[in-house]
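This document contains two forms of one protein chain, each encoded as C-alpha coordinates and listed individually as structure 1 and structure 2.
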Structure 1
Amino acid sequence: MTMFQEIRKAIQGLWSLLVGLKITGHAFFQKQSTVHYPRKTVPNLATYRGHIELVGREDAPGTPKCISCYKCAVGCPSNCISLSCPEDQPSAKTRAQVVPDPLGQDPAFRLTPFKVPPPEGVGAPSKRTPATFHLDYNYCSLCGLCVQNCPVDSLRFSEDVYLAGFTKQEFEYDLLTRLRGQAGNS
(Lines of atoms letter the chains of each structure in order from A and count residues from 1; the text may use other names and numbers.)
(Lines give C-alpha, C1' and ligand atoms only; values in the text may rest on other atoms or scores of the structure.)
Protein backbone atom coordinates (compact mmCIF):
# COMPACT_ATOMS: atom_id res chain seq x y z
CA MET A 1 0.00 0.00 0.00
CA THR A 2 1.43 3.30 -1.00
CA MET A 3 1.58 6.38 1.16
CA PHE A 4 -1.10 8.05 -0.97
CA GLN A 5 -3.52 5.17 -0.27
CA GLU A 6 -2.79 5.38 3.50
CA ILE A 7 -3.62 9.09 3.54
CA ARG A 8 -6.79 8.51 1.52
CA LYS A 9 -7.91 5.75 3.94
CA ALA A 10 -7.27 8.02 6.96
CA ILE A 11 -9.29 10.85 5.39
CA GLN A 12 -12.21 8.47 4.69
CA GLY A 13 -12.12 7.26 8.31
CA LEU A 14 -12.06 10.84 9.61
CA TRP A 15 -15.00 11.76 7.33
CA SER A 16 -16.98 8.74 8.56
CA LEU A 17 -16.28 9.81 12.16
CA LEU A 18 -17.50 13.36 11.48
CA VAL A 19 -20.72 12.12 9.83
CA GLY A 20 -21.43 9.86 12.83
CA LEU A 21 -20.77 12.70 15.30
CA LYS A 22 -23.10 14.99 13.35
CA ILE A 23 -25.97 12.45 13.56
CA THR A 24 -25.33 11.77 17.24
CA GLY A 25 -25.08 15.48 18.07
CA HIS A 26 -28.31 16.24 16.23
CA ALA A 27 -30.21 13.51 18.14
CA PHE A 28 -28.60 14.54 21.45
CA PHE A 29 -29.94 18.10 21.29
CA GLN A 30 -33.47 17.25 20.03
CA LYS A 31 -36.45 17.39 22.37
CA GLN A 32 -37.15 13.97 23.90
CA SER A 33 -40.37 12.26 22.83
CA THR A 34 -40.29 9.60 25.54
CA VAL A 35 -40.34 9.96 29.31
CA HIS A 36 -38.02 8.43 31.85
CA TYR A 37 -40.41 6.37 33.94
CA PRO A 38 -40.71 6.38 37.01
CA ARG A 39 -39.08 9.82 37.31
CA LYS A 40 -41.68 11.28 34.93
CA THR A 41 -45.14 10.20 33.85
CA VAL A 42 -47.21 10.95 30.78
CA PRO A 43 -49.64 13.79 31.56
CA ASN A 44 -52.32 12.94 28.96
CA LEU A 45 -53.79 9.43 29.05
CA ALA A 46 -57.01 10.28 27.20
CA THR A 47 -56.10 8.12 24.21
CA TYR A 48 -54.77 5.17 26.21
CA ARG A 49 -56.75 1.92 25.84
CA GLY A 50 -56.32 -0.25 28.88
CA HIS A 51 -58.48 -3.17 29.91
CA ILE A 52 -62.23 -2.63 29.97
CA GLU A 53 -64.12 -1.60 33.05
CA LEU A 54 -67.76 -1.10 33.88
CA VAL A 55 -69.35 2.34 34.03
CA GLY A 56 -71.58 3.04 36.99
CA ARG A 57 -74.98 4.66 36.86
CA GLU A 58 -75.11 8.38 37.59
CA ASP A 59 -77.59 7.99 40.47
CA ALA A 60 -75.79 4.95 41.96
CA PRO A 61 -72.07 4.85 41.01
CA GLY A 62 -71.62 1.36 42.49
CA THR A 63 -74.31 -0.11 40.24
CA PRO A 64 -73.34 -0.77 36.62
CA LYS A 65 -75.26 0.66 33.70
CA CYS A 66 -75.03 -2.84 32.18
CA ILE A 67 -78.36 -4.40 31.18
CA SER A 68 -76.93 -7.94 30.77
CA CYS A 69 -77.66 -8.09 27.06
CA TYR A 70 -74.53 -10.25 26.48
CA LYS A 71 -73.55 -8.33 23.35
CA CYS A 72 -70.06 -7.78 24.76
CA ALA A 73 -69.50 -11.46 25.63
CA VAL A 74 -70.95 -12.79 22.38
CA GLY A 75 -69.06 -10.29 20.23
CA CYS A 76 -65.70 -10.80 21.94
CA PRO A 77 -63.39 -12.64 19.49
CA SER A 78 -61.07 -13.65 22.35
CA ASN A 79 -63.82 -15.07 24.59
CA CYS A 80 -62.38 -13.26 27.56
CA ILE A 81 -65.63 -11.77 28.90
CA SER A 82 -68.09 -13.80 30.94
CA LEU A 83 -71.11 -12.53 32.79
CA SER A 84 -74.24 -13.91 34.31
CA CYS A 85 -77.56 -12.50 35.24
CA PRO A 86 -79.71 -14.06 37.99
CA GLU A 87 -82.79 -13.70 35.78
CA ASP A 88 -81.21 -15.87 33.07
CA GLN A 89 -81.88 -19.31 34.44
CA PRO A 90 -80.67 -22.00 33.95
CA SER A 91 -77.11 -21.31 34.97
CA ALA A 92 -74.27 -20.54 32.62
CA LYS A 93 -73.07 -24.15 32.71
CA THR A 94 -76.30 -25.52 31.35
CA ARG A 95 -76.51 -22.71 28.83
CA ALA A 96 -73.17 -23.71 27.43
CA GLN A 97 -73.23 -24.64 23.82
CA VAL A 98 -72.49 -28.29 23.11
CA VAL A 99 -70.10 -28.72 20.24
CA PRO A 100 -70.66 -32.01 18.41
CA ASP A 101 -67.74 -34.37 18.53
CA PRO A 102 -66.31 -34.56 14.98
CA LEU A 103 -65.18 -38.13 15.66
CA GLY A 104 -68.62 -39.18 16.88
CA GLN A 105 -67.38 -40.48 20.23
CA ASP A 106 -69.01 -38.28 22.87
CA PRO A 107 -71.48 -35.53 21.94
CA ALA A 108 -70.81 -33.63 25.17
CA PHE A 109 -67.05 -33.89 24.96
CA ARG A 110 -66.47 -30.19 24.82
CA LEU A 111 -68.44 -27.39 26.33
CA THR A 112 -67.78 -23.85 25.26
CA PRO A 113 -69.17 -21.79 28.13
CA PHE A 114 -68.07 -18.48 26.63
CA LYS A 115 -70.03 -18.93 23.42
CA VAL A 116 -73.35 -18.68 25.18
CA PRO A 117 -76.17 -17.78 22.86
CA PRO A 118 -77.70 -14.56 24.06
CA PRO A 119 -80.97 -14.84 25.93
CA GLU A 120 -84.24 -13.76 24.40
CA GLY A 121 -84.55 -10.05 23.78
CA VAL A 122 -80.86 -9.29 23.28
CA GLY A 123 -80.36 -5.61 22.84
CA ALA A 124 -83.86 -4.80 24.03
CA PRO A 125 -84.11 -2.23 26.81
CA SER A 126 -83.97 -4.02 30.11
CA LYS A 127 -83.63 -3.32 33.80
CA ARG A 128 -81.52 -6.43 34.38
CA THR A 129 -78.16 -6.10 36.10
CA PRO A 130 -75.38 -8.67 35.98
CA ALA A 131 -74.69 -10.87 39.00
CA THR A 132 -71.12 -11.54 37.84
CA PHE A 133 -68.96 -9.83 35.24
CA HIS A 134 -65.49 -11.24 34.70
CA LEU A 135 -62.72 -10.26 32.33
CA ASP A 136 -59.72 -12.47 31.62
CA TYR A 137 -57.30 -9.81 30.46
CA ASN A 138 -54.70 -12.48 29.61
CA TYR A 139 -56.63 -13.24 26.44
CA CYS A 140 -57.98 -9.77 25.57
CA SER A 141 -56.87 -8.52 22.17
CA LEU A 142 -57.92 -4.89 22.90
CA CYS A 143 -60.05 -4.82 19.77
CA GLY A 144 -62.72 -2.71 21.47
CA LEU A 145 -65.70 -4.58 20.02
CA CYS A 146 -67.21 -4.97 23.49
CA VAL A 147 -67.12 -1.22 24.08
CA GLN A 148 -68.48 -0.53 20.59
CA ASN A 149 -71.31 -3.07 20.88
CA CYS A 150 -72.57 -2.01 24.30
CA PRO A 151 -76.00 -0.40 23.70
CA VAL A 152 -75.98 1.55 26.98
CA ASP A 153 -72.31 2.63 27.08
CA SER A 154 -71.68 0.51 30.13
CA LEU A 155 -68.09 -0.34 29.17
CA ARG A 156 -65.07 1.86 28.73
CA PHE A 157 -61.31 1.47 28.55
CA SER A 158 -59.47 1.99 31.80
CA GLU A 159 -56.58 4.38 32.21
CA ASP A 160 -54.62 1.83 34.25
CA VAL A 161 -51.42 2.40 32.29
CA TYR A 162 -49.03 1.14 34.98
CA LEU A 163 -50.52 -2.34 35.13
CA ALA A 164 -48.02 -5.02 36.10
CA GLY A 165 -48.16 -8.42 37.75
CA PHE A 166 -46.35 -11.68 38.26
CA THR A 167 -49.15 -14.23 37.78
CA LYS A 168 -51.96 -14.77 35.29
CA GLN A 169 -54.50 -14.56 38.11
CA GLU A 170 -53.58 -10.92 38.67
CA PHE A 171 -55.04 -10.13 35.23
CA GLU A 172 -58.40 -11.82 35.80
CA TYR A 173 -60.81 -9.13 36.92
CA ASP A 174 -64.14 -9.17 38.66
CA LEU A 175 -65.38 -5.95 37.11
CA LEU A 176 -68.36 -5.60 39.48
CA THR A 177 -66.08 -5.64 42.51
CA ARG A 178 -63.77 -3.21 40.78
CA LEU A 179 -66.66 -0.84 40.03
CA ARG A 180 -67.89 -0.97 43.62
CA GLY A 181 -64.36 -0.29 44.86
CA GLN A 182 -64.05 2.72 42.56
CA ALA A 183 -67.44 4.03 43.69
CA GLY A 184 -66.43 3.63 47.33
CA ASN A 185 -63.20 5.55 46.79
CA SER A 186 -64.83 8.52 45.08
Structure 2
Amino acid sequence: MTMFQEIRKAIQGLWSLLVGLKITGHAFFQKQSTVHYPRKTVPNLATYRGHIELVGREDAPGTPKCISCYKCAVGCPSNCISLSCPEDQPSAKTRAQVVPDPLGQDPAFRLTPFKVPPPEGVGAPSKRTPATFHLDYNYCSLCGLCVQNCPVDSLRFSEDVYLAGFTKQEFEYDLLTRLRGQAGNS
Protein backbone atom coordinates (compact mmCIF):
# COMPACT_ATOMS: atom_id res chain seq x y z
CA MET A 1 0.00 0.00 0.00
CA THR A 2 1.28 3.42 -0.80
CA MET A 3 1.45 6.12 1.82
CA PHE A 4 -1.54 7.96 0.39
CA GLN A 5 -3.67 4.83 0.54
CA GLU A 6 -2.62 4.35 4.15
CA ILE A 7 -3.60 7.89 5.00
CA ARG A 8 -6.89 7.55 3.19
CA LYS A 9 -7.62 4.36 5.09
CA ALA A 10 -6.80 6.05 8.38
CA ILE A 11 -9.14 8.94 7.62
CA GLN A 12 -11.89 6.53 6.67
CA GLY A 13 -11.25 4.71 9.95
CA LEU A 14 -11.53 7.94 11.91
CA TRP A 15 -14.78 8.71 10.13
CA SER A 16 -16.17 5.30 11.05
CA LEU A 17 -15.27 6.01 14.68
CA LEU A 18 -17.39 9.16 14.51
CA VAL A 19 -20.26 7.18 12.98
CA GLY A 20 -20.00 4.73 15.89
CA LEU A 21 -20.18 7.58 18.38
CA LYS A 22 -23.25 8.92 16.61
CA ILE A 23 -25.02 5.58 16.87
CA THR A 24 -24.37 5.09 20.58
CA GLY A 25 -25.05 8.75 21.27
CA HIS A 26 -28.40 8.39 19.56
CA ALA A 27 -29.18 5.24 21.57
CA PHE A 28 -28.33 7.11 24.77
CA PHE A 29 -31.27 9.45 24.31
CA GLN A 30 -33.72 6.88 22.99
CA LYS A 31 -36.50 5.38 25.04
CA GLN A 32 -35.35 2.47 27.16
CA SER A 33 -36.68 -0.98 26.45
CA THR A 34 -36.36 -2.29 30.00
CA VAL A 35 -39.55 -3.24 31.83
CA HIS A 36 -39.13 -2.68 35.58
CA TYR A 37 -40.32 -6.15 36.44
CA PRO A 38 -41.87 -6.36 39.88
CA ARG A 39 -43.69 -3.07 39.32
CA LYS A 40 -44.57 -3.62 35.66
CA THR A 41 -44.87 -6.69 33.49
CA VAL A 42 -44.51 -7.32 29.78
CA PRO A 43 -47.91 -6.76 28.12
CA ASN A 44 -47.66 -9.32 25.33
CA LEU A 45 -46.36 -12.85 25.85
CA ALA A 46 -47.61 -14.28 22.56
CA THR A 47 -44.11 -15.11 21.34
CA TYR A 48 -42.94 -16.59 24.65
CA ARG A 49 -41.95 -20.26 24.50
CA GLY A 50 -42.61 -21.63 27.97
CA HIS A 51 -43.05 -25.30 28.90
CA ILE A 52 -45.44 -27.25 26.69
CA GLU A 53 -49.13 -27.64 27.41
CA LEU A 54 -51.97 -29.64 25.90
CA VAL A 55 -54.56 -28.08 23.61
CA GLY A 56 -58.18 -29.01 24.25
CA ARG A 57 -60.76 -29.97 21.65
CA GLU A 58 -63.13 -27.33 20.42
CA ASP A 59 -66.19 -29.31 21.54
CA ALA A 60 -64.69 -30.51 24.83
CA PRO A 61 -62.03 -28.09 26.15
CA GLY A 62 -61.14 -30.38 29.05
CA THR A 63 -60.13 -33.25 26.74
CA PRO A 64 -56.94 -32.92 24.68
CA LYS A 65 -56.89 -33.30 20.91
CA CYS A 66 -54.12 -35.83 21.53
CA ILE A 67 -54.46 -39.20 19.81
CA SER A 68 -51.70 -40.91 21.84
CA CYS A 69 -49.44 -41.50 18.88
CA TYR A 70 -46.33 -41.13 21.11
CA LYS A 71 -44.56 -39.03 18.49
CA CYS A 72 -43.85 -36.36 21.11
CA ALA A 73 -42.49 -38.82 23.64
CA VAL A 74 -40.38 -40.59 21.06
CA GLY A 75 -39.08 -37.43 19.49
CA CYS A 76 -38.14 -35.79 22.77
CA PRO A 77 -34.33 -35.65 22.97
CA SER A 78 -34.43 -35.18 26.75
CA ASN A 79 -36.90 -38.00 27.26
CA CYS A 80 -39.04 -35.83 29.48
CA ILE A 81 -42.53 -36.56 28.11
CA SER A 82 -44.37 -39.70 29.19
CA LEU A 83 -47.94 -40.60 28.37
CA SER A 84 -50.16 -43.64 28.43
CA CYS A 85 -53.27 -44.68 26.59
CA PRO A 86 -55.69 -47.31 28.01
CA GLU A 87 -56.09 -48.77 24.51
CA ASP A 88 -52.42 -49.83 24.52
CA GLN A 89 -51.15 -50.67 27.93
CA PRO A 90 -52.00 -49.58 31.42
CA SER A 91 -48.58 -48.06 32.25
CA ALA A 92 -47.18 -44.68 31.29
CA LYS A 93 -44.86 -44.83 28.32
CA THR A 94 -41.68 -43.02 27.48
CA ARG A 95 -39.48 -43.32 24.46
CA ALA A 96 -37.44 -46.08 26.07
CA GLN A 97 -40.55 -48.20 26.33
CA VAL A 98 -42.01 -47.40 22.94
CA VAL A 99 -38.80 -47.94 20.98
CA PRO A 100 -36.06 -49.78 22.83
CA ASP A 101 -33.42 -48.53 20.41
CA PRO A 102 -34.18 -44.81 20.25
CA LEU A 103 -33.48 -43.23 16.88
CA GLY A 104 -35.21 -46.25 15.72
CA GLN A 105 -35.21 -49.06 13.35
CA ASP A 106 -38.93 -48.50 13.07
CA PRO A 107 -39.54 -45.81 10.44
CA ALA A 108 -42.79 -44.83 12.16
CA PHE A 109 -40.83 -43.30 15.03
CA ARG A 110 -38.14 -41.52 13.09
CA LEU A 111 -37.65 -37.90 14.06
CA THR A 112 -39.16 -35.56 11.55
CA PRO A 113 -38.22 -31.88 11.61
CA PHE A 114 -41.25 -30.84 9.56
CA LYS A 115 -44.97 -31.09 10.24
CA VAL A 116 -46.20 -34.67 10.03
CA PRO A 117 -49.48 -35.06 8.17
CA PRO A 118 -52.24 -36.39 10.44
CA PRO A 119 -52.86 -40.13 10.18
CA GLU A 120 -56.05 -41.68 8.84
CA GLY A 121 -59.28 -41.06 10.70
CA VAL A 122 -58.13 -37.87 12.46
CA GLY A 123 -60.76 -35.20 12.86
CA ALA A 124 -63.40 -37.47 14.26
CA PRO A 125 -63.12 -37.65 18.07
CA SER A 126 -60.53 -40.30 18.76
CA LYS A 127 -60.92 -43.01 21.31
CA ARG A 128 -57.17 -42.93 21.76
CA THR A 129 -57.30 -40.13 24.32
CA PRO A 130 -54.34 -40.37 26.74
CA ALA A 131 -55.07 -41.45 30.28
CA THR A 132 -51.93 -39.80 31.65
CA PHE A 133 -49.66 -37.12 30.17
CA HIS A 134 -46.63 -36.10 32.23
CA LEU A 135 -43.94 -33.56 31.51
CA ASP A 136 -40.70 -33.44 33.47
CA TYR A 137 -39.79 -29.81 32.79
CA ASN A 138 -36.51 -30.16 34.72
CA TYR A 139 -34.93 -31.87 31.73
CA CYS A 140 -36.74 -30.06 28.92
CA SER A 141 -34.47 -28.09 26.60
CA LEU A 142 -37.36 -26.25 24.94
CA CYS A 143 -36.33 -27.52 21.50
CA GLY A 144 -39.95 -27.69 20.39
CA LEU A 145 -39.65 -31.00 18.53
CA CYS A 146 -42.76 -32.32 20.32
CA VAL A 147 -44.81 -29.31 19.23
CA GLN A 148 -43.49 -29.69 15.68
CA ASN A 149 -44.09 -33.43 15.61
CA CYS A 150 -47.63 -33.43 16.95
CA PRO A 151 -49.84 -34.46 14.02
CA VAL A 152 -53.02 -33.04 15.53
CA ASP A 153 -51.72 -29.75 17.01
CA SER A 154 -52.42 -30.94 20.51
CA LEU A 155 -49.24 -29.40 21.97
CA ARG A 156 -48.22 -25.79 22.22
CA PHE A 157 -45.91 -23.59 24.29
CA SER A 158 -47.54 -22.11 27.36
CA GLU A 159 -47.06 -18.49 28.39
CA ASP A 160 -45.98 -19.29 31.95
CA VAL A 161 -43.15 -16.79 32.35
CA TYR A 162 -43.13 -16.31 36.07
CA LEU A 163 -41.99 -19.75 37.11
CA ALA A 164 -40.09 -20.25 40.32
CA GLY A 165 -39.95 -23.08 42.78
CA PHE A 166 -38.01 -24.67 45.58
CA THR A 167 -38.15 -28.34 44.58
CA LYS A 168 -37.75 -30.38 41.44
CA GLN A 169 -41.20 -31.86 41.98
CA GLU A 170 -42.79 -28.50 41.28
CA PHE A 171 -41.64 -28.75 37.70
CA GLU A 172 -43.06 -32.19 37.02
CA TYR A 173 -46.34 -31.39 35.39
CA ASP A 174 -49.46 -33.48 34.95
CA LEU A 175 -50.57 -31.81 31.74
CA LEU A 176 -54.01 -33.48 31.67
CA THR A 177 -54.95 -32.08 35.08
CA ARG A 178 -53.55 -28.74 33.98
CA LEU A 179 -55.73 -28.76 30.85
CA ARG A 180 -58.81 -29.63 32.88
CA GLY A 181 -58.04 -26.77 35.23
CA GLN A 182 -57.66 -24.35 32.32
CA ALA A 183 -60.95 -25.60 30.78
CA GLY A 184 -62.70 -25.17 34.11
CA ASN A 185 -61.40 -21.61 34.45
CA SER A 186 -62.41 -20.46 31.01
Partner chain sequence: MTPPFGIPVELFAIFLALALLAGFVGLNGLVLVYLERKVAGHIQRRPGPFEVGPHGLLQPLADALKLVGKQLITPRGADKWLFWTAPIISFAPVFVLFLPIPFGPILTAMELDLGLLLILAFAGINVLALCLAGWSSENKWSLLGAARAVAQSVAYEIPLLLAVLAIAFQYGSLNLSTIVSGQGAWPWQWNIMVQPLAFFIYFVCALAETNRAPFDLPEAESELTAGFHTEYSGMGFGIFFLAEYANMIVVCSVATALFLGGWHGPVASGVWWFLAKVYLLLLVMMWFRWTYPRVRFDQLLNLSWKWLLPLALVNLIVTLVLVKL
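When a residue number appears, read it as a position in the sequence of structure 1, where counting begins at 1. Source: prediction; values computed, not measured.
Q: Is the form predicted on its own shown as structure 1 or as structure 2?
A: Of the two, structure 1 is the form predicted on its own.
Q: Expressed in °, what is the rotation of the smaller rigid part against the larger between structure 1 and structure 2?
A: Relative rotation between the rigid parts: 59 degrees.
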